[in-house]
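One chain follows as structure tokens, the form predicted on its own.
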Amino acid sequence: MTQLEAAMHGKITDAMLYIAAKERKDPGEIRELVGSGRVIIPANSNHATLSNFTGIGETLCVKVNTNIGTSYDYINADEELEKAKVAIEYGTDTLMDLSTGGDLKFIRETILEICSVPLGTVPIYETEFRVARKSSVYDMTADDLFEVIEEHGKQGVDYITVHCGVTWESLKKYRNEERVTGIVSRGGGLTAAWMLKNKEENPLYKYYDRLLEIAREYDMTLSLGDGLRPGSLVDSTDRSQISELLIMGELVERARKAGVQTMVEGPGHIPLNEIQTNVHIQKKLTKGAPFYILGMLPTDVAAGFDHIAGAIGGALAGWHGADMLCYITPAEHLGLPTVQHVKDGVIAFKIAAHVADIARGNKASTQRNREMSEARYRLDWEKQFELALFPEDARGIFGERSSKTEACSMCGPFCPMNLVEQTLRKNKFAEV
């Protein structure tokens, strides 16, 4: 029985109880949200190391996903394992293994062994990788793809990105567009190229019921990938993007009826003035399905610092209703990220998610900020480190640039809070 089926039958699972305690909500409310499909809990029963369940969706804290994985040019399983550890240490809510080079099954197994959070994959990457070693990526069959999906489910993968919305119908819209950057989704591009070469419908769409059967067996959440997302601001919110979203809205309903948990992936490169519209359209067309956004990136020219640009867009999108932010690293658009890049990306997007939570009125986040302000006024450094999103980093900076006074070394003896408090204590009856 999947989390969705359990909720629809009125059952509160251990995962729902965990989420309720974590989010400070009533378990019955979590069950209701999961039962309606507005909240998902990716949790494959075969994922033995999954101990930190994650709820994604309406009224919950905004979550962050971290992408890791080898590439064609850089194959180092140990480095990817280190990236996974760093991402988990810095609070990622889910992890995705996007490896495309090396022994993909071994890499995934190694990551699963230490992965305490839900793990996602993109099965078409491995499928194309296998087929290409034998002949050509265009020789892929539907059976090849579903075989890999089944394997991922058996291994314990909690959610998979599947580009089911790239169909003949949506490709017609795409081919009539005058896009600057065309198709930028790796999975979407592979799927579209295969379809055009073979003159066949997308097997994930054509055999969607088969996909649902596998997903239901392992309670493997479907993340409906946006294969036609815009890769530049000038391409944002065009007909290709919206036509794919319309199809995904229909697929969400079919998945819910089959008892399969589903979320929808979203853009992409979107200017700030279109972010709210994009979130509201997605929520409307998918009847409140959890929205997992890639960024959003509100500028195309922040190469080397896309994690900062993406955090700006992500915070705004989260405020308006996006449910999970896929992090971006400084290496975005430039190359495979290093361990340090992964750390920088997770930090940036955890901050963005927290900023969004405050804007959404999350009581725990708001209270945490108040307590931090009170600790700052008291110059209570230990309390400040305790409340900081990244305590050890804050403590390290404070120690490296320490002051001879109880204040920080920026103001030292002239700290305004310290100065005013001392003056008030010495002049108890002074008129203010």
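Residue numbers run from 1 along the displayed sequence. All of these numbers come straight from a predicted model, not from anything done at the bench.
Just so you know, the form predicted together with another copy of the chain exists too; it's not on screen, but the next bit is about it.
*Asks:* Check each of 203, 123, 120, 330 and return the one that places a heavy atom within 4.5 angstroms of another copy of the chain in the model of the complex.
*Replies:* If I apply the 4.5 Å criterion carefully, the residue I get is 330.
*Asks:* Using heavy atoms only and a 4.5 Å cut-off, decide whether all three of 303, 316 and 400 touch another copy of the chain in the model of the complex.
*Replies:* Yes: each residue has a heavy atom within 4.5 Å of the partner.
*Asks:* Using the partner position in the model of the complex, report whether residue 413 sits within 4.5 Å of another copy of the chain, counting heavy atoms only.
*Replies:* Although another copy of the chain is absent here, residue 413 would touch it in the model of the complex, with heavy atoms inside 4.5 Å.
*Asks:* With the cut-off set at 4.5 Å between non-hydrogen atoms, does residue 106 touch another copy of the chain in the model of the complex?
*Replies:* No - in the model of the complex, heavy atoms of residue 106 and another copy of the chain never come within 4.5 Å of each other.
*Asks:* How about residue 144: is it within 4.5 Å of another copy of the chain in the model of the complex, going by heavy atoms?
*Replies:* Residue 144: no contact with another copy of the chain in the model of the complex.
*Asks:* Heavy atoms within 4.5 Å of another copy of the chain in the model of the complex: does residue 114 have any?
*Replies:* No.
*Asks:* Only one of 156-164, 292-300, 253-261, 213-221 gets a heavy atom within 4.5 Å of another copy of the chain in the model of the complex; which is it?
*Replies:* Of the stretches listed, the one contacting the partner is 292-300.
*Asks:* Along 81-113, which positions have a non-hydrogen atom within 4.5 Å of another copy of the chain in the model of the complex?
*Replies:* Only 83 sits within 4.5 Å of the partner.
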